[in-house]
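Here you get one chain, nothing else, as C-alpha cells; it is the form predicted on its own.
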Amino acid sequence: MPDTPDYSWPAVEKRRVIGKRTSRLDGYAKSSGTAKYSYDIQRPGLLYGAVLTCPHAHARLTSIDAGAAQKSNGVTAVELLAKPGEEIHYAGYEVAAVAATSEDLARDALRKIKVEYEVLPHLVSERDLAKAGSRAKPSGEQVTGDPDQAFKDADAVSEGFYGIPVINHCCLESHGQVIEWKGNQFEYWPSTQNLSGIGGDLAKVLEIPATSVHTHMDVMGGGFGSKFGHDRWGEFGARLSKKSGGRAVKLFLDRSTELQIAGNRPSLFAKIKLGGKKDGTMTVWQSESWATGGVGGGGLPAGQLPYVFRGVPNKRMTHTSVSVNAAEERAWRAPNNPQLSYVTCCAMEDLAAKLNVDPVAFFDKNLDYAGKIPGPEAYRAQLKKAAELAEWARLWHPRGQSGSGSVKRGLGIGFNAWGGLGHPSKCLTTINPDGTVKVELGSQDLGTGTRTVIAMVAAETLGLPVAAVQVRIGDNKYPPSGPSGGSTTVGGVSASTRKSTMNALAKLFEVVAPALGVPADQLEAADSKIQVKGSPSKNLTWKAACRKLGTKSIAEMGENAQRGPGGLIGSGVGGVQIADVSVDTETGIVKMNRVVAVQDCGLVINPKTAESQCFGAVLLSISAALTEERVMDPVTGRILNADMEFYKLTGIGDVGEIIVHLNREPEHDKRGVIGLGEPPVIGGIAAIANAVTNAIGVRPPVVPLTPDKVLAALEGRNA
C-alpha cells in the first residue's frame, strides 16, 4: 500500500457525483425559514445592544455624559467608545453603546447620552480632484516605451473621462453578533466570513486565551468581503455582555449605520487617452486616475491599467489616492477589478469606434497584450462564444445606428481576470462501524453552496450518494479552514476534503482487504460498495465493509497544500461578458435584455451552484451599472441615501435574461478547482455601459446610468 493515496480527481468517465447538477443541501432549510442565522439566535435572558454614532463628518468630541443612560429603565450596561479630545473622521463613527432588556429601551437610553462636538472642516467628494488639496496623494508617474511618439504615429486618438462611484456594502444580514460571556469563556455567534479565525482575533483584543472562544455560525446573510474581522462592535458587544453579568447581548447594526460604516467599494475616475492603428491595434495608453474608499484614501498601483491588456507597449500612467471624510473601504467582491475593467473596456471600445472597427474584432486583435493566464487564446475562445450566444453578428451595429424610433438597442463587451487559488484548509473524515460518515471543517458557507460541494467531493471519493455524507461546518471546534475571500473557499475545502476522505478510505481498504482476498491497493469504492478493481462482482456493501471495523471508527485528517502535488487546485481564470440593452431616448430608462457570461473556473464540482454564482455576480453588475451609488451631502458630510428606500438595488424585474456558459473543456478541467465568486462580477458594468453607448451613440461617462445621466449625454450630443 503506498504511503500516500493518489489524491487526483477521478477521470471524467468515472465521476458519479462531481460535475453533476446537485441541489443545495441547505436549500430547504433556507427556503422554509428554518435555517438559523446569527441574527436569529435567542438565548436565555437575551439583551439587546444599540449604538450611538457621531452625526458629523469631521469633529472633535469635547464632552460625553452617559449618567442618565446608565440609570435608564432596563439598561444593564453602557460602554463609552470615544473619549473627550478624540478626533472623529466620519459620520456614523461609534461613540457609545448600551445593552438593555429590549431594543426600544436601548434606543431610549441612547437618546439620554449627552455628547458635544467641535465641528471641523470636511471633504466628502473626490470627483473634482482640484478641490482635494492636501487630501490628494499622488503615486508618481509610470512610463513604458515612448507614449509621445506613439501618439504621433497613431492613425486615430481617442480621449475620454470615465467614472465609477463609491458603492456601499449592503448585506441582507447586517454586521453584528450575539455574544454570551461567562467568566473567561464566551459563546460567540457572529455573521462572519472567517469562522475559524474571528474568535481568536477577538480574544487577543479582550486579552483572554483564544481557546476560551466558542464560535458558531450555521448560515449567514451575505458578506461580499466586508465580514472578516470582529470589528469594534464585536469588542464592545463582548464588554456589554461581561458588564451585564454574562447575559447574552445581541448587537447588529441598524440599516442606516450599516450603510454608513460597514464598508464600501472605492470609486475610480480616470482621464484616458488612447492611440491605435487602422487595423485595430491599440498602440498607446495614457491615464490619469484617482479614487477614494474613505479616510484611508483609495489607492491602486497605476500599473494595474490597462486591465487585462497590460502588454500595450507604450504607456504613461498616474494615480492619486484621495482621503475623504467617510468610513473605510472594505474588500468588495473582486476588490478594484470592476472599476479597472470599467475604465479599460470603455476606453477601448471608444477607440474601436474612432477606428471604425467592430469591438469584437478590436478586442480580439489586442488580446496578445493579455497575460499568460488564462492566456490570449483562452480569451479569444471565450469572446467568440460570448458573441455567438449574444447573437452579435445579427444584433450589433455601429454606434447610434440602431434605426428609427425612440427605443434604441445596443451591445457591449467587458473582460475579467482573477486568481482564485484555494486557501489553507484542514478536514477530518470519520467512518463509523454503522456505515455513517462525518466530514468536519471549520469553514463557513456564505450562501454559495460550500456545504454541498464538500458533500459532493466526499461522496465521489467514498462511492456514496451525497445524502449519505454528514457535513459539519460552522463551528470553530472543527479543524480550521481559511476565511472566505478572494474566491478561495471551494478550492481549499474541496482539496482538504478529497485528501481527508482518501486517507480514511485507505484505512478502510486495509481492514476490508483480507475479506476480499486482495491487497488493499486493488480495492475501490463505487456505488455504495467496496469492490475489487476490474472485478466489481467481488465486493462488500458499504455497510458490510464498515462492520469489519468492529467497535472502532476511522478518523483521518486531510490538509490543502496550496502548491502541493496532485493538481487538485489551480489559479488564474478569465471571462468575457456581453450585455444587450434597450434605451428609451425620451425617458432615459435603460432596460436589460440579456447578459451573456462566459467564464473559466477550472474543474467544476457542482455546475448548478457554479452557474448560480455567475447569476448573482451579474445581478450585482447590473445594480452597480444602473442604480447603485453612495450619495454624499457636501454641506453636512453625511450619506443622503443610507436606507433601503433610496440606496437603489435592482430587483428581479430589472435584470432581463442571463446566459451563463462555463468553460468545461479538458484543458480547463485538468487545472483543478479554481475559485469562481469574484471573476464574473467584474466585466458586467463595462459591458452594460458599452451597450448603452452603442445604443444611443454617445457615452454617459459616469455610472450608474440613471435616466438623468442618459438624457444629459443625449442632450450634449444634440448640442
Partner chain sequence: MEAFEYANPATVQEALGLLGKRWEDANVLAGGTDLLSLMKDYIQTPKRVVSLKGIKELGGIEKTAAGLRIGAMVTLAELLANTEVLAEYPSLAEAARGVSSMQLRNIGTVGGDLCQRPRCWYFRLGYGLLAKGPSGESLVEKGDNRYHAIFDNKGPAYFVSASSFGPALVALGAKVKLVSAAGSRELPVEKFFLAPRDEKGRENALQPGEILTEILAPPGAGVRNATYEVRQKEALDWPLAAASVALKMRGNLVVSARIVLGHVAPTPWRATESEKSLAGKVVNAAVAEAAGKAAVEGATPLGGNAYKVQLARVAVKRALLEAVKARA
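Positions refer to the first chain, counted from 1. From a predicted model like this one, the values you see are computed outputs, not experimental measurements.
What comes next is about the form predicted together with the partner chain, which is not displayed.
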Practice task
Mark residue 448 yes when one of its heavy atoms lies within 4.5 Å of a heavy atom of the partner chain in the predicted bound form, and no otherwise.
Solution key: no
Problem - residue 587: touches the partner chain in the predicted bound form, heavy atom cutoff 4.5 angstroms - result: yes
Exercise for the section: Using the partner position in the predicted bound form, report whether residue 279 sits within 4.5 Å of the partner chain, counting heavy atoms only. Expected result: no
Exercise for the section: State yes or no: in the predicted bound form, is some non-hydrogen atom of residue 114 no more than 4.5 angstroms from a non-hydrogen atom of the partner chain? Expected result: no
Fill in the blank from the handout: Interface check vs the partner chain in the predicted bound form: of 636, 522, 185, 432, the one with a heavy atom inside 4.5 Å is 636
Fill in the blank from the handout: in the predicted bound form, the residue from 118, 377, 104, 128 with a non-hydrogen atom within 4.5 Å of the partner chain is 104
Handout entry: Options 292-300, 80-88, 176-184, 587-595; stretch whose heavy atom lies within 4.5 Å of the partner chain in the predicted bound form
Key = 587-595
Handout entry: Heavy atom within 4.5 Å of the partner chain in the predicted bound form - qualifying residues of 619-648
Key = 626, 627, 629, 631, 633, 634, 635, 636, 638, 639, 640, 641, 645, 646, 648
